[in-house]
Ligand SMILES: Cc1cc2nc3c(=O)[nH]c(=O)nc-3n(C[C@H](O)[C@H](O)[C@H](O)COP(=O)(O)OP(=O)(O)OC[C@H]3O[C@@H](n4cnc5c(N)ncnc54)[C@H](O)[C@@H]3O)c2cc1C
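Taking the form predicted alone, here's one chain by itself in C-alpha coordinates.
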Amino acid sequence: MNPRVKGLDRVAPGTQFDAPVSGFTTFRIGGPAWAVARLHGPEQLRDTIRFLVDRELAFRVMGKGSNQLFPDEGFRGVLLLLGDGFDSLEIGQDGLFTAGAGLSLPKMANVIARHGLGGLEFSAQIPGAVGGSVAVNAGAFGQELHSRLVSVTAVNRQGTAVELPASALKGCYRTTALKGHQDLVLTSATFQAVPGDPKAVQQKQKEYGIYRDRTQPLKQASAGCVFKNPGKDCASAGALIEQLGMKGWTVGDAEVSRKHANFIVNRGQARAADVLELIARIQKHALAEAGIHLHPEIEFVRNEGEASGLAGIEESRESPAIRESQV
(Lines give C-alpha, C1' and ligand atoms only; values in the text may rest on other atoms or scores of the structure.)
Protein backbone atom coordinates (compact mmCIF):
# COMPACT_ATOMS: atom_id res chain seq x y z
CA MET A 1 0.00 0.00 0.00
CA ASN A 2 1.31 3.43 -0.88
CA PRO A 3 1.80 5.37 2.36
CA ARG A 4 0.08 8.44 0.93
CA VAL A 5 -3.31 6.70 0.97
CA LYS A 6 -2.99 5.36 4.51
CA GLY A 7 -6.11 6.20 6.50
CA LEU A 8 -8.45 6.42 3.52
CA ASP A 9 -10.32 3.35 4.76
CA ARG A 10 -11.33 5.30 7.87
CA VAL A 11 -13.11 7.85 5.69
CA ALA A 12 -14.36 5.24 3.20
CA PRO A 13 -14.68 1.84 4.93
CA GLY A 14 -14.11 -1.09 2.61
CA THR A 15 -11.46 0.69 0.55
CA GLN A 16 -9.37 -1.74 -1.51
CA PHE A 17 -5.66 -1.02 -1.75
CA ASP A 18 -3.51 -1.93 -4.78
CA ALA A 19 -6.59 -3.13 -6.66
CA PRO A 20 -6.28 -3.83 -10.41
CA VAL A 21 -8.12 -1.23 -12.48
CA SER A 22 -8.96 -3.95 -14.99
CA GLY A 23 -11.61 -5.26 -12.62
CA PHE A 24 -13.53 -1.98 -12.80
CA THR A 25 -13.51 -1.21 -16.52
CA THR A 26 -15.43 -2.68 -19.44
CA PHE A 27 -12.13 -2.99 -21.37
CA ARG A 28 -10.70 -5.26 -18.62
CA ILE A 29 -7.36 -3.47 -19.01
CA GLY A 30 -5.20 -1.58 -16.52
CA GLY A 31 -2.70 -2.14 -13.72
CA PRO A 32 -3.31 -1.52 -10.01
CA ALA A 33 -4.66 1.69 -8.54
CA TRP A 34 -3.26 2.82 -5.21
CA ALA A 35 -6.77 2.49 -3.81
CA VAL A 36 -10.38 1.98 -4.86
CA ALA A 37 -13.09 3.40 -2.59
CA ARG A 38 -16.82 2.86 -2.93
CA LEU A 39 -18.81 5.80 -1.56
CA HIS A 40 -22.38 5.75 -0.34
CA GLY A 41 -23.63 9.32 -0.32
CA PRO A 42 -22.76 12.97 -0.98
CA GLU A 43 -21.51 13.60 2.56
CA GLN A 44 -19.02 10.75 2.36
CA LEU A 45 -17.99 11.95 -1.09
CA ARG A 46 -17.29 15.44 0.27
CA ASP A 47 -15.23 14.05 3.17
CA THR A 48 -13.27 11.77 0.84
CA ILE A 49 -12.47 14.55 -1.61
CA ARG A 50 -11.21 16.76 1.22
CA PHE A 51 -9.02 13.86 2.43
CA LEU A 52 -7.55 13.36 -1.04
CA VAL A 53 -7.04 17.04 -1.84
CA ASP A 54 -5.39 17.68 1.55
CA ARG A 55 -2.88 14.93 0.74
CA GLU A 56 -2.46 16.04 -2.88
CA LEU A 57 -3.59 12.65 -4.13
CA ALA A 58 -4.81 12.20 -7.68
CA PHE A 59 -8.29 10.72 -7.97
CA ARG A 60 -10.87 9.78 -10.57
CA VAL A 61 -14.55 9.01 -10.26
CA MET A 62 -15.62 5.83 -12.02
CA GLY A 63 -19.11 5.09 -13.26
CA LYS A 64 -19.50 1.78 -15.03
CA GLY A 65 -15.94 1.91 -16.37
CA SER A 66 -16.73 2.29 -20.07
CA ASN A 67 -15.11 4.68 -22.55
CA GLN A 68 -11.74 4.66 -20.73
CA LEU A 69 -8.32 3.10 -21.24
CA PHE A 70 -6.05 2.92 -18.20
CA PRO A 71 -2.28 2.37 -18.47
CA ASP A 72 -0.68 -1.03 -17.99
CA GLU A 73 1.39 0.27 -15.08
CA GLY A 74 -1.77 1.24 -13.22
CA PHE A 75 -3.15 4.43 -11.78
CA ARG A 76 -1.11 6.33 -9.22
CA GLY A 77 -4.06 7.62 -7.31
CA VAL A 78 -7.50 6.69 -6.04
CA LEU A 79 -10.55 5.52 -7.94
CA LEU A 80 -13.87 6.57 -6.45
CA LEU A 81 -16.94 4.45 -7.15
CA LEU A 82 -20.40 5.87 -6.56
CA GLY A 83 -22.48 3.26 -4.75
CA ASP A 84 -25.92 3.29 -3.18
CA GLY A 85 -26.82 6.81 -2.18
CA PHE A 86 -26.09 7.93 -5.75
CA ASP A 87 -28.64 5.74 -7.53
CA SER A 88 -31.87 7.62 -6.82
CA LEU A 89 -34.45 8.58 -9.43
CA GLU A 90 -37.04 11.27 -8.72
CA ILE A 91 -39.77 11.97 -11.27
CA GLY A 92 -41.28 15.44 -11.13
CA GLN A 93 -43.86 17.33 -13.14
CA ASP A 94 -44.11 18.03 -16.87
CA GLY A 95 -41.44 15.53 -17.88
CA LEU A 96 -38.71 16.67 -15.49
CA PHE A 97 -36.79 14.03 -13.56
CA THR A 98 -33.57 13.84 -11.55
CA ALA A 99 -31.21 10.85 -11.57
CA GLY A 100 -28.32 10.10 -9.23
CA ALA A 101 -24.86 10.09 -10.81
CA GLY A 102 -24.29 6.44 -9.90
CA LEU A 103 -27.49 5.18 -11.55
CA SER A 104 -26.95 3.16 -14.72
CA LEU A 105 -28.37 4.74 -17.86
CA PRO A 106 -30.24 1.57 -18.91
CA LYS A 107 -31.98 1.41 -15.52
CA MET A 108 -32.82 5.12 -15.70
CA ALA A 109 -34.22 4.71 -19.21
CA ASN A 110 -36.31 1.68 -18.28
CA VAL A 111 -37.87 3.35 -15.23
CA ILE A 112 -38.80 6.58 -17.00
CA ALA A 113 -40.18 4.57 -19.93
CA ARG A 114 -42.62 2.85 -17.59
CA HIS A 115 -43.75 6.31 -16.52
CA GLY A 116 -44.32 7.33 -20.14
CA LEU A 117 -41.33 9.65 -20.40
CA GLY A 118 -39.67 9.65 -23.82
CA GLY A 119 -36.90 11.50 -25.60
CA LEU A 120 -34.15 9.46 -23.95
CA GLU A 121 -34.91 6.01 -25.37
CA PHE A 122 -31.40 5.89 -26.85
CA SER A 123 -29.85 6.03 -23.36
CA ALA A 124 -31.03 2.49 -22.61
CA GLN A 125 -28.29 1.28 -24.95
CA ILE A 126 -25.40 3.16 -23.33
CA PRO A 127 -23.48 1.00 -20.82
CA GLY A 128 -22.55 3.80 -18.45
CA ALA A 129 -23.65 5.61 -15.31
CA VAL A 130 -25.49 8.93 -15.37
CA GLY A 131 -22.60 11.02 -13.99
CA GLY A 132 -19.87 9.74 -16.27
CA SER A 133 -22.16 9.77 -19.29
CA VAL A 134 -23.17 13.39 -18.69
CA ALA A 135 -19.50 14.33 -18.24
CA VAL A 136 -18.65 13.05 -21.74
CA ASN A 137 -22.02 13.88 -23.32
CA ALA A 138 -22.63 10.26 -24.26
CA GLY A 139 -25.01 9.49 -27.07
CA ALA A 140 -26.30 6.92 -29.52
CA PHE A 141 -28.44 6.75 -32.65
CA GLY A 142 -27.70 10.37 -33.52
CA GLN A 143 -28.81 11.69 -30.14
CA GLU A 144 -26.97 12.85 -27.01
CA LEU A 145 -27.69 13.39 -23.33
CA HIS A 146 -27.10 17.14 -23.31
CA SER A 147 -30.03 17.65 -25.66
CA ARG A 148 -32.21 16.77 -22.66
CA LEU A 149 -30.01 17.95 -19.77
CA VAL A 150 -31.35 20.79 -17.62
CA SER A 151 -28.90 21.02 -14.71
CA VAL A 152 -26.48 19.07 -12.52
CA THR A 153 -25.42 18.99 -8.90
CA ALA A 154 -21.80 18.34 -8.03
CA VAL A 155 -19.07 18.52 -5.40
CA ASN A 156 -16.00 20.66 -6.05
CA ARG A 157 -12.42 20.10 -4.89
CA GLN A 158 -13.11 21.98 -1.67
CA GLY A 159 -15.83 19.46 -0.85
CA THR A 160 -18.58 22.03 -1.40
CA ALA A 161 -21.88 21.16 -3.08
CA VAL A 162 -22.73 23.24 -6.15
CA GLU A 163 -25.49 23.36 -8.75
CA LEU A 164 -24.95 24.27 -12.40
CA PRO A 165 -27.17 24.76 -15.44
CA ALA A 166 -26.48 22.48 -18.37
CA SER A 167 -25.00 25.38 -20.36
CA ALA A 168 -22.10 25.67 -17.88
CA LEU A 169 -20.84 22.24 -18.96
CA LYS A 170 -20.40 23.42 -22.56
CA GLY A 171 -21.56 20.12 -23.98
CA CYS A 172 -20.86 19.36 -27.62
CA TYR A 173 -20.27 16.18 -29.64
CA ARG A 174 -18.94 13.55 -27.20
CA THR A 175 -17.31 16.03 -24.85
CA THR A 176 -17.95 18.66 -22.17
CA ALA A 177 -15.85 20.95 -19.99
CA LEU A 178 -15.73 18.10 -17.46
CA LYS A 179 -14.24 15.41 -19.68
CA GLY A 180 -10.77 14.41 -18.52
CA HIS A 181 -10.95 16.66 -15.45
CA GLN A 182 -11.91 16.15 -11.82
CA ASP A 183 -12.62 19.75 -10.83
CA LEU A 184 -16.23 18.80 -10.21
CA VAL A 185 -17.70 15.41 -9.30
CA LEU A 186 -21.29 15.08 -10.45
CA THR A 187 -23.79 13.76 -7.91
CA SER A 188 -27.04 14.07 -9.88
CA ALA A 189 -28.48 15.33 -13.16
CA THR A 190 -31.90 16.71 -14.05
CA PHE A 191 -33.37 16.04 -17.50
CA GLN A 192 -36.37 17.22 -19.50
CA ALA A 193 -38.20 14.26 -21.00
CA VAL A 194 -41.18 14.20 -23.34
CA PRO A 195 -44.39 12.81 -21.82
CA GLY A 196 -45.91 10.10 -23.97
CA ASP A 197 -47.40 6.62 -24.11
CA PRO A 198 -45.38 4.11 -22.03
CA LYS A 199 -45.86 1.33 -24.60
CA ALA A 200 -44.61 3.53 -27.43
CA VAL A 201 -41.54 4.58 -25.45
CA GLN A 202 -40.75 0.97 -24.51
CA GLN A 203 -41.23 -0.19 -28.09
CA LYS A 204 -38.72 2.39 -29.34
CA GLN A 205 -36.25 1.23 -26.69
CA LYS A 206 -36.77 -2.36 -27.81
CA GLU A 207 -36.06 -1.48 -31.44
CA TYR A 208 -32.84 0.28 -30.47
CA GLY A 209 -31.82 -2.74 -28.37
CA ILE A 210 -32.42 -5.22 -31.20
CA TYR A 211 -30.30 -3.13 -33.56
CA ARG A 212 -27.49 -2.83 -31.03
CA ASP A 213 -27.47 -6.56 -30.30
CA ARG A 214 -27.24 -7.27 -34.02
CA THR A 215 -24.47 -4.79 -34.82
CA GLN A 216 -22.18 -4.47 -31.77
CA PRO A 217 -19.82 -6.93 -30.00
CA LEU A 218 -21.66 -6.80 -26.69
CA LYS A 219 -20.29 -10.12 -25.44
CA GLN A 220 -16.65 -9.04 -25.72
CA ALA A 221 -14.69 -6.66 -23.50
CA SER A 222 -14.37 -3.20 -25.05
CA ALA A 223 -14.60 0.49 -24.18
CA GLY A 224 -17.39 1.20 -26.67
CA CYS A 225 -16.81 3.18 -29.85
CA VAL A 226 -13.15 4.11 -30.21
CA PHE A 227 -13.38 7.03 -32.65
CA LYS A 228 -15.67 9.98 -33.14
CA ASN A 229 -17.51 10.02 -36.46
CA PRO A 230 -15.44 12.13 -38.90
CA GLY A 231 -18.17 14.56 -39.96
CA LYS A 232 -21.35 15.04 -41.95
CA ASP A 233 -19.66 14.59 -45.34
CA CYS A 234 -17.84 11.37 -44.38
CA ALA A 235 -18.90 7.86 -43.58
CA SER A 236 -19.20 6.91 -39.93
CA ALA A 237 -15.93 5.95 -38.30
CA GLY A 238 -16.97 2.30 -38.24
CA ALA A 239 -17.99 2.30 -41.91
CA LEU A 240 -14.73 4.01 -42.91
CA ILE A 241 -12.58 1.54 -40.98
CA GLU A 242 -14.49 -1.36 -42.54
CA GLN A 243 -14.23 0.08 -46.05
CA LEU A 244 -10.47 0.39 -45.61
CA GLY A 245 -10.23 -3.31 -44.77
CA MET A 246 -9.20 -2.98 -41.15
CA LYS A 247 -11.75 -5.31 -39.56
CA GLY A 248 -9.89 -8.06 -37.77
CA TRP A 249 -6.60 -6.17 -37.50
CA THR A 250 -4.80 -7.17 -34.30
CA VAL A 251 -1.98 -6.13 -32.02
CA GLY A 252 -1.48 -8.71 -29.31
CA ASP A 253 -4.92 -9.55 -27.94
CA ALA A 254 -6.42 -6.23 -29.07
CA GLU A 255 -8.55 -6.64 -32.19
CA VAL A 256 -10.65 -4.42 -34.45
CA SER A 257 -14.04 -6.05 -33.98
CA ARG A 258 -15.24 -8.20 -36.85
CA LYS A 259 -18.81 -7.21 -35.94
CA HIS A 260 -18.43 -3.41 -35.66
CA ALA A 261 -15.22 -1.82 -36.91
CA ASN A 262 -15.36 1.15 -34.51
CA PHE A 263 -14.87 -1.20 -31.57
CA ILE A 264 -11.56 -2.57 -30.38
CA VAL A 265 -12.13 -5.71 -28.34
CA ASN A 266 -9.98 -7.38 -25.74
CA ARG A 267 -9.70 -11.05 -26.72
CA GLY A 268 -8.43 -11.94 -23.26
CA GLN A 269 -5.00 -10.58 -22.41
CA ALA A 270 -4.81 -7.29 -24.29
CA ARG A 271 -2.61 -4.56 -22.84
CA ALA A 272 -3.14 -0.82 -23.03
CA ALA A 273 0.01 -0.67 -25.15
CA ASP A 274 -1.58 -3.06 -27.65
CA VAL A 275 -4.72 -0.93 -27.91
CA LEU A 276 -2.72 2.29 -28.36
CA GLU A 277 -0.60 0.72 -31.08
CA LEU A 278 -3.69 -0.55 -32.88
CA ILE A 279 -5.36 2.87 -32.65
CA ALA A 280 -2.25 4.52 -34.10
CA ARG A 281 -2.19 2.06 -37.00
CA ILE A 282 -5.86 2.69 -37.77
CA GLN A 283 -5.34 6.46 -37.73
CA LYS A 284 -2.27 6.23 -39.96
CA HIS A 285 -4.06 4.01 -42.48
CA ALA A 286 -7.19 6.18 -42.56
CA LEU A 287 -5.12 9.30 -43.14
CA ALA A 288 -2.96 7.71 -45.83
CA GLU A 289 -5.79 6.01 -47.74
CA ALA A 290 -8.72 8.38 -47.22
CA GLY A 291 -7.16 11.64 -46.06
CA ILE A 292 -9.32 11.53 -42.91
CA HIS A 293 -8.16 12.22 -39.36
CA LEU A 294 -9.89 9.90 -36.90
CA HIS A 295 -10.14 11.46 -33.45
CA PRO A 296 -10.48 9.16 -30.41
CA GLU A 297 -13.72 9.15 -28.49
CA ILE A 298 -12.42 7.06 -25.60
CA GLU A 299 -10.39 8.74 -22.88
CA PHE A 300 -6.75 7.79 -22.37
CA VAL A 301 -6.11 7.99 -18.64
CA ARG A 302 -2.61 9.09 -17.72
CA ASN A 303 -0.78 9.50 -14.44
CA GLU A 304 0.03 12.99 -13.24
CA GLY A 305 3.43 14.30 -14.21
CA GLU A 306 3.85 11.82 -17.07
CA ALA A 307 3.86 12.26 -20.80
CA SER A 308 0.81 10.68 -22.38
CA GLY A 309 2.68 7.88 -24.13
CA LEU A 310 0.39 8.45 -27.10
CA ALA A 311 3.01 8.89 -29.79
CA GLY A 312 1.30 9.10 -33.16
CA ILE A 313 -2.17 9.35 -31.66
CA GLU A 314 -4.06 12.59 -32.01
CA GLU A 315 -6.25 12.96 -28.95
CA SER A 316 -9.58 14.73 -28.98
CA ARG A 317 -9.34 18.35 -27.93
CA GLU A 318 -11.25 18.95 -24.71
CA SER A 319 -12.84 22.14 -23.48
CA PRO A 320 -11.19 23.83 -20.49
CA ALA A 321 -12.28 22.51 -17.14
CA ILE A 322 -14.90 24.44 -15.21
CA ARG A 323 -13.15 26.62 -12.67
CA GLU A 324 -14.40 28.12 -9.43
CA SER A 325 -15.12 31.45 -11.10
CA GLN A 326 -17.75 29.70 -13.19
CA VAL A 327 -19.50 27.99 -10.27
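Bear in mind that the values here come from a model prediction, so they are computed numbers and not experimental data. A residue's number is simply how far along the shown sequence it sits, counting from 1.
Keep in mind that the form predicted in complex with the named molecule is missing from the display, and what follows is about it.
Chemist: Thinking of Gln16, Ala33 and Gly83 as the candidate spot, does the named molecule come within 4.5 Å of a heavy atom on all of them in the predicted complex?
Modeler: Not one of the three qualifies.
Chemist: Would you point out which of 292-300, 50-58, 35-43, 278-286 contains residues with a non-hydrogen atom within 4.5 Å of the named molecule in the predicted complex?
Modeler: Comparing against the named molecule in the predicted complex, the contact stretch is 292-300.
Chemist: Though the named molecule is not shown, can you say which of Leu186, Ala237, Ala177, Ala113 has a heavy atom within 4.5 Å of it in the predicted complex?
Modeler: So the residue touching the named molecule in the predicted complex, by this definition, is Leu186.
Chemist: Just one of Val251, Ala140, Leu164, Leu96 has a heavy atom within 4.5 Å of the named molecule in the predicted complex. Which one?
Modeler: None of the others qualify; the residue that does is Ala140.
Chemist: Does at least one non-hydrogen atom of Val136 fall within 4.5 angstroms of the named molecule in the predicted complex?
Modeler: Yes, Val136 is a contact residue.
Chemist: With the cut-off set at 4.5 Å between non-hydrogen atoms, does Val201 touch the named molecule in the predicted complex?
Modeler: No, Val201 sits far enough from the named molecule in the predicted complex that none of its heavy atoms falls within 4.5 Å.
Chemist: Taking heavy atoms only, is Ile126 within 4.5 angstroms of the named molecule in the predicted complex?
Modeler: Yes - in the predicted complex, heavy atoms of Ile126 and the named molecule come within 4.5 Å of each other.
Chemist: Can you check whether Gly132 is within 4.5 Å of the named molecule in the predicted complex, heavy atom basis?
Modeler: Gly132: yes, in contact with the named molecule in the predicted complex.
Chemist: Could you run down 49-78 and flag each residue that has a heavy atom within 4.5 Å of the named molecule in the predicted complex?
Modeler: Heavy-atom contacts to the named molecule in the predicted complex: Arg60, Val61, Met62, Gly63, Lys64, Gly65, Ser66, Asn67, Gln68.
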